[in-house]
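The chain below stands alone and is given in structure tokens; this is the form predicted alone.
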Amino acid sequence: MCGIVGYLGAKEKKEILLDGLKELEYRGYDSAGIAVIEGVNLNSFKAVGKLENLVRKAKDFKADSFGVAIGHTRWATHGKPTELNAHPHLGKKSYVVHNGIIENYQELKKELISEGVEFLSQTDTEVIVHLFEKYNSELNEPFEAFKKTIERLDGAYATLLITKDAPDTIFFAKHGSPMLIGFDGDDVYFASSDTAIIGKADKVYYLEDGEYGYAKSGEVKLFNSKGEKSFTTKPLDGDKLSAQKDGYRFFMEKEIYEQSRVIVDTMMGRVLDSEVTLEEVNESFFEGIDSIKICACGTSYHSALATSYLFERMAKIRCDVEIASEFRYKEPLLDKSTLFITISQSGETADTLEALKMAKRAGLKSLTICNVDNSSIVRESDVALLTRAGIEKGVASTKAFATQTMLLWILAIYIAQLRGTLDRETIQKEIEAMRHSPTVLKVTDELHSKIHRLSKRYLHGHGFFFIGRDIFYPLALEGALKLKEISYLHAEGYPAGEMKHGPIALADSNLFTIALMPKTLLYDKIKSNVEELSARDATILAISPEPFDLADDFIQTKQAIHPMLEFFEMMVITQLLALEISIRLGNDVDMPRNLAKSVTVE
């Protein structure tokens, strides 16, 4: 999600930036731009859409004397994909690029506007360059001004800043978003991923959170909260595909690991200290709404089904969930007091788009949860909430599911606040759980190794049952879908209480049961259901914080304060289980047979 490239040196800078941004296209973007300072000359170019549009705009520009340069590919979070919202952002004589989200940008923006600063964009990033120029005019010392600027920023950021007041210097800072520094003699490179500088730099240093500094004339000065620090570079690997995967075996594996980071981006600016807020939608939008209908397909349907429990439980609003391909042909009864929500990773899912058009024709208000701004479903909807997951290359969705679920949870709390159905103490507990979710999404070496070892038991047999109750029933459906998609083994998700109504007839030692047994929700009920299966000799893999004596295999989860924290932790486990089984079977995890990433046909 978003890409950064920077360069300090005497080589032709335009081509270095464009080549680097080209290597970052896999991360996803909707606009791009570059800025160059050579002596007294400042030049910048921006374009919406593909990089080739930027290449055309800058085709007559050359920058082959000593100078500094920064470039960026943007995935829209604040503001639509427009040239004004594209990076680099310009002050009076400085440029900035930034990945991440500045949580307190509204507060900073109001402060700067009150002092006469004019903003051109709708982005959070623009506050950085204006704040820097404010402090630089006061201190007349660019590095001290930059240091003071980053001290004011809350949230996640990787940022590069160049200014005419220090035309031989690139200022940098990293907190929560990845960034690295590359070296080749006196030339210095910056990037959000090493794939952008492979073939250019031969040594690299990966910045840690809280580090900042400046590069000047081939020299890099690095600082953290304790002051100036030394650092050691590493040789830079020359394999670009491996660099895109960050050393992981498959993109799906990388994306499972990314979930703890991207969920922070989903929450940024939305989950505050004592409330949740959605700046993309006006409170009046929900006036006259007394029910919700969610339409989606596949994994997105499962995220809708899981969070439908939250809408009804917390916001006290009826929430029905429909499979888009069925909804289109059932001659549904649609009422204008119903909010119609669509969910799609790509924003191009054909059945979901057609369902949305039906709802629009019937006069319903529409809201979409999507990962791709300016996609067909986003353009068709009245309101769009972006998941900010970044591009997802694995066909079997992982981080899209996690971020969709988080954003729907946020929406449920937001509507509960508007309807007054939750007291302040309960809202505070929900926010506390949300803020803890990145921790439970982190994959430890111990967990992954355990799942790798036990996966060899689950390569045969006549099928899998994933079972759960309440919100864990849709998670069981999703766990079964992941396994089906990439292992080609038969798997079903079931409500645990339904097993005795027929499916238990299949139980024997070659039936593998993946039991989701959260301690915070209906534990005794599901324990009884699993005992029934064990008595019929089913092979049980129990996932729970509570040891279960009848389990053949057991993965222990953390004791949690909220069911959604158990939900997210168990989600990661089922994803890793599907991954490891598929790898053992020798399958192409990222490109499973018969499937496509974006389903644009009926």
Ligand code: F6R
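Just so it is clear, the model here is predicted, and its values are computed rather than measured. Numbering starts at 1 and follows the sequence shown.
Separately, the form predicted together with the named molecule exists; it is not shown, and the next lines address it.
Within 4.5 Å of any heavy atom of the named molecule in the model of the complex lies no heavy atom of Leu305. In the model of the complex, the named molecule stays beyond 4.5 Å of every heavy atom belonging to Ile150. Residue contact with the named molecule in the model of the complex: Leu522 places no heavy atom within 4.5 Å of it.
Put simply, Lys482 is close to the named molecule in the model of the complex: some heavy atom of it is within 4.5 Å. For the options Thr125, Gln259, Ser300, Thr73, the one in contact with the named molecule in the model of the complex, meaning a heavy atom within 4.5 Å, is Ser300. Note on the partner interface in the model of the complex: the residue among Ile102, Ala396, Ile162, Ala196 having a heavy atom within 4.5 angstroms of the named molecule is Ala396. The stretch among 396-404, 500-508, 153-161, 309-317 whose residues place heavy atoms within 4.5 Å of the named molecule in the model of the complex is 396-404.
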